[in-house]
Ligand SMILES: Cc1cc2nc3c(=O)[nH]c(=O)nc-3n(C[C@H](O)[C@H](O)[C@H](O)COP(=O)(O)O)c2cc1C
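As a starting point, one isolated chain is supplied in structure tokens, in the form predicted on its own.
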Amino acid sequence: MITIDIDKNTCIKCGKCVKVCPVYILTQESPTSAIGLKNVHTCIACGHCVASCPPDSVIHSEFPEHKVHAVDKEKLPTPEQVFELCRTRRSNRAFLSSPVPTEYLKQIVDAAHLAPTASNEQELSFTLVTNPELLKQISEITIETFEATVKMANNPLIKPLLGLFSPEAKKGIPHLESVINRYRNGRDSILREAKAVLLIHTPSTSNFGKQDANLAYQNASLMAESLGVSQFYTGYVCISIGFDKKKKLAKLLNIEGKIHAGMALAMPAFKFPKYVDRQDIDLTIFS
């Protein structure tokens, strides 16, 4: 059971904990009054109250002293550095044959794990695959799923209905056929000979699994970029997971629940010396 207390001897009544609590557990009747507590059982253990308190007056059972750390502002990147990282980030598919260093992979997973989750549920789990045989099986399962999907879509009884009820799906079939043909002719468009794959998954009961997983992916992607590790979103793998009712990939890797996102990783054969502008931003402002 979560317990929260306020050390009245050190509390400066600044009210910061009250302002940041997402479920309104902490209260303050006036700017100079003592901090109060209500409905502590609704706490989601986000840690905002502890992190915002200057004199460490919030005593929270989920965040003992060894779990609370001062921010080293000297280590934080400048806005210009963050923006430059975002501008230069690319999905690089030109890889070296050497593996991604283990310490880099750990940092990438750690960064993903630090991403926010809806209601602080923290239901994300991660599966990291570096075994070459398993990586091949991931591509093979993806292709086999595409082949079964194309076969069903081209069934004389289904094909006319597909165009009627799902025109977008019908348009996608030729693309899947192209991916299949390339793979069967020795060109793997699924993983591109990546040396590692990171899969992000949640229990099937998670209400915001997809959203949480993609937030984690962005953290991992930027960390990979900062480490000089090439990565790309495993879109084909994720599409095939949606098609595959037998959950072959999840069973292969003993994953319980649902896979929402995946990242292929390898060391780059080269780095891009330039970045190019995107199309003009489509922005609507209401003020």
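The first residue of the sequence shown is number 1, and the count goes up from there. The structure displayed is predicted, hence computed values, not measured ones.
The same protein has a further form, the form predicted in complex with this ligand, not shown here; the description that follows concerns it.
Checking 29-37, 248-256, 45-53, 229-237 against this ligand in the model of the complex, the stretch whose residues place heavy atoms within 4.5 Å of it is 229-237.
A heavy atom within 4.5 Å of this ligand in the model of the complex is found for one listed residue only; from H113, R182, R90, K210, this is R90. Although the partner is absent here, K136 sits far enough away that none of its heavy atoms falls within 4.5 Å of this ligand in the model of the complex. Among residues of the shown chain, K271 is not one whose heavy atoms approach this ligand to within 4.5 Å in the model of the complex. Residues of 247-278 placing a heavy atom within 4.5 Å of this ligand in the model of the complex: R278 alone.
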